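Only one chain comes next, encoded as structure tokens, the form predicted alone.
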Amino acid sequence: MDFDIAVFGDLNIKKLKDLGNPFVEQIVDKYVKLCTPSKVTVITDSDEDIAYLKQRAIDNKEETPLDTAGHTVHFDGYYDQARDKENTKILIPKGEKLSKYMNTADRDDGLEEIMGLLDGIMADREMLISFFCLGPVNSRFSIPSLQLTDSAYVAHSETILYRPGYGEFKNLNGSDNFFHFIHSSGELDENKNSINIDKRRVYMDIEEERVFTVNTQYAGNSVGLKKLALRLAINRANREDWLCEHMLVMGAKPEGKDRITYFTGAFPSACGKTSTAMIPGQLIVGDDIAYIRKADDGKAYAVNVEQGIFGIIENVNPIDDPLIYRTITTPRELIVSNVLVREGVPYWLGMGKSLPADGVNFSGEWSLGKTDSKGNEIIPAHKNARYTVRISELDNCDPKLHDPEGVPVSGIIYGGRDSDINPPILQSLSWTHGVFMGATLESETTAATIGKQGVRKHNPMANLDFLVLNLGTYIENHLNFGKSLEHVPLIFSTNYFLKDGEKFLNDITDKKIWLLWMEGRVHNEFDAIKTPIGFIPLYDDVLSLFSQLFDKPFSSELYVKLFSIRTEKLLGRLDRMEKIFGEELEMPKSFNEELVNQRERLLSTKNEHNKDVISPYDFV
């Protein structure tokens, strides 16, 4: 392949040629000719190349240095602050159908539209070509990934979030077995924000394992290797009989015991996922996306797809999240986005201190009382403001973060945001029942997605937004994966958001209690009470954990409020689930049976006790 030396330069051409991969060269040639950048820079795994990206982001004014060494701030446009579900589409061939919850477009039409949007979009700009590895390098989990972008902020973010992959591409020996991503921020305003938000598009072409994203900077839309690669990997996992999940990976360490028990966990955005992975005294492998495979010993093993965290910064404070707070307020390479900045210092909502009355935020120059074009008051920092940092910078980073074999999974957690139904912790009655628990997960919406907040949404395995195959197929994969294992992980559900009126019944830090109860159940150290919806803790065990871990009382009255079974509300949720899954094609028979059995257990229990809300003591 001959490249234009005036655009590439000798060194960048050499970097591409050294890969010995004609498929990489074809992709690069195609999109350079389409997007017409005036300059192309190829980024390898070298420290020099990675430093170049950060400096370019600063020089381009996509990032601004802050007072703390290594920290920068990035602002997305006022209307580019969350994942754009409406314009995020799966491209499928004519005649094919997916679940109605999945946003699709005709593949031919979508490709024609996106190629039109990309045509000449990088004129007079620099295209950055980067190579990454999803999962640890030199591993059966590894998926090499190629990123083309005109945003140094996007490329810089990816060097923090993902493992370098130039070497992995050399190891491909010319294979086309990799993902690729094409991104452009599009036309920018004076604040370096995308202007043409009405033409914001995120299109996933599963057939060629590629993603296109244009006219957006918000990382959830633009950082291709995150939630966009998640879709591609879910499709690949379906073909290859493993699981790609929207899950944390963490190691639980009970005090006074010499062991680490690994869990994965799926939580919709803003439902406690990152803070669970960051519980003091525990170890973090990852906070967002996991690949899970069966190993020769019959166990499930998981890896963190990423090496960094793109976390919500709201309410990160020294009391509730001391590990994260210390990390993001001390010198290291770190990006914060869409916070308030005054005199080089960032401020965010819920940080535990008063915020200044003026500064710079995602709306530009800001002062208290500022309104937008519709007269809405602009808050000082966005509720979906973020921080980006490497996990290795955290004090509780697990030594197995980059282990190519992964970590053995003993438990799986499904957690939602639910104010009035589920107890704070449940263990499933079986693997099939656990898959049912994950598949019927509901959560109240937050600022992490565009749209109204506080609406109860069905979100199976916290992964509905990212599925590219029918829901029945996805659930059946989970059922079959468990059947294939000789050592099956226990499955739990958590709910940190149960309320009594407007007051939360649990403190934020109480999640450590529920984690260590789960860890004890894995090792048969706690008994449990069997209820129609799963196993719940005994009062004495919870009382003991609160006393040992927090030197904190735990009343029998609170226990009853937390662990009562609310049969009428649970039956109402089953009604919603029956309607949802009744419209799905080819649901697994065992899943439908589980739904029927759950209803029968609840009705029987309600009739037996002749009341809607049943105390946990009634089951003893």
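Numbering starts at 1 and runs along the sequence shown. This is a predicted model, so every value here is computed, not measured.
One more form of this protein exists, namely the form predicted in complex with a small molecule; it is left out here, but the text below deals with it.
Enquirer: Check each of W514, F310, W348, Y262 and return the one that places a heavy atom within 4.5 angstroms of the small molecule in the predicted complex.
Expert: For this set of options, the contacting one is F310.
Enquirer: Between the options K227, K370, K253, R456, which residue brings a heavy atom to within 4.5 Å of the small molecule in the predicted complex?
Expert: So the residue touching the small molecule in the predicted complex, by this definition, is K227.
Enquirer: Would you please decide whether H382 lies within 4.5 angstroms of the small molecule in the predicted complex, comparing each non-hydrogen atom pair?
Expert: No, H382 is distant from the partner.
Enquirer: Does the 4.5 Å heavy atom contact test between R386 and the small molecule in the predicted complex come out positive?
Expert: Contact with the small molecule, yes.
Enquirer: Just to confirm, D150 within 4.5 Å of the small molecule in the predicted complex by heavy atoms?
Expert: Contact check for D150: no, nothing within 4.5 Å of the small molecule in the predicted complex.
Enquirer: Taking the shortest heavy atom distance, is H183 within 4.5 Å of the small molecule in the predicted complex?
Expert: No, H183 is distant from the partner.
Enquirer: Okay, which stretch from 205-213, 519-527, 121-129, 219-227 lines the small molecule in the predicted complex, with non-hydrogen atoms inside 4.5 Å?
Expert: The contacting stretch is 219-227.
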